[in-house]
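The form predicted on its own is given below as one chain in structure tokens.
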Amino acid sequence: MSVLVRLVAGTLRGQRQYGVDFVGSIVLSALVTAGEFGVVVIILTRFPRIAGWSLPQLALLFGLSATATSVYRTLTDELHDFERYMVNGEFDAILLRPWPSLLVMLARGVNLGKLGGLLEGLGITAWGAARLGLAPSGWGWLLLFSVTGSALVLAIGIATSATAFWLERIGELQVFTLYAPSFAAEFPQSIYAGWLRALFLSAIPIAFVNYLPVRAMLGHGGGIATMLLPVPAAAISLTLAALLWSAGERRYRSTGS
């Protein structure tokens, strides 16, 4: 962990050298997230509820999804572009480092410019919680969901990047496993077809990021056990993602010429 901290600190020092770009990236990412939530608000002006969910309740879903996605993009900016390492053979240099390759990839890819989306996601979540008049315990649950949701999206991202060891190019796959599910998580899962809900409960466990625990917290179905499900789901997902990465690394043979 001390090595990780030093590597991340070096990355952040480099980013702070360009102050205007650094601040501009944070503001821009916040505006993008705000604009996406604005679309949800516009929809709710025509339809008071979506599948029985009001705007403040949807704000919890949206905010938690945006928070988790922003944490992933903040911590894995370089890992997200991992196909470049496969196509150009740049992963060879990573293997020369005396540290685990996944650790190195995470350390060199921290991008604080994505913090704007994170702050906006937390703000939207807080707005929804305040409008619903949640008790202090409810705010505590939302904090837990933010952590577990971020861990789940991180696991999905690592697993997707790991497939580059076999597929090399993963841009289209990331749309299927990250972008589209993150957008789908902004709305109640009940509006989707049965096969899609099953997918979001298994191979792409995006339903555990926000929908299942928030639904239970709001009394729409489930109890304490359902609200705690994201904890083992995140632990299992991170473990499987790390195992997939290790398996891919063992088969890596560098690029051709």
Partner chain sequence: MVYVLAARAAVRRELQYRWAHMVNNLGSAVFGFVYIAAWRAVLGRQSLSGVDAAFMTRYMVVSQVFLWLTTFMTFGLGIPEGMRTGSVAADLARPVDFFGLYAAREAGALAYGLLYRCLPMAVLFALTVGFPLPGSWPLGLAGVALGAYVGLCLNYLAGLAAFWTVQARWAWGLRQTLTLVLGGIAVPPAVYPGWLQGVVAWSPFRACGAIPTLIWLGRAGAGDLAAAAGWAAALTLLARALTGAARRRVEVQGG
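Numbering follows the first chain given and starts at 1. Worth saying up front: this structure is predicted, and the values here are computed from it rather than measured.
Just so it is clear, the following notes concern the form predicted together with its partner chain, a form of the same protein that is not shown.
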Q: Indicate whether its partner chain has at least one heavy atom within 4.5 Å of a heavy atom of F183 in the predicted bound form.
A: yes
(Q) Taking any heavy atom pair closer than or equal to 4.5 Å as contact, tell me whether G221 reaches its partner chain in the predicted bound form. (A) no
Q) Counting only non-hydrogen atoms and a 4.5 angstroms cut-off, does V175 reach its partner chain in the predicted bound form? A) yes
Q. Might S202 be said to contact its partner chain in the predicted bound form, defining contact as any heavy atom within 4.5 Å?
A. no
Q. Among 40-48, 228-236, 211-219, 63-71, which stretch has residues with heavy atoms no more than 4.5 Å from its partner chain in the predicted bound form?
A. 40-48
(Q) If the criterion is a non-hydrogen atom within 4.5 angstroms, does every one of N111, W127 and R197 touch its partner chain in the predicted bound form? (A) no
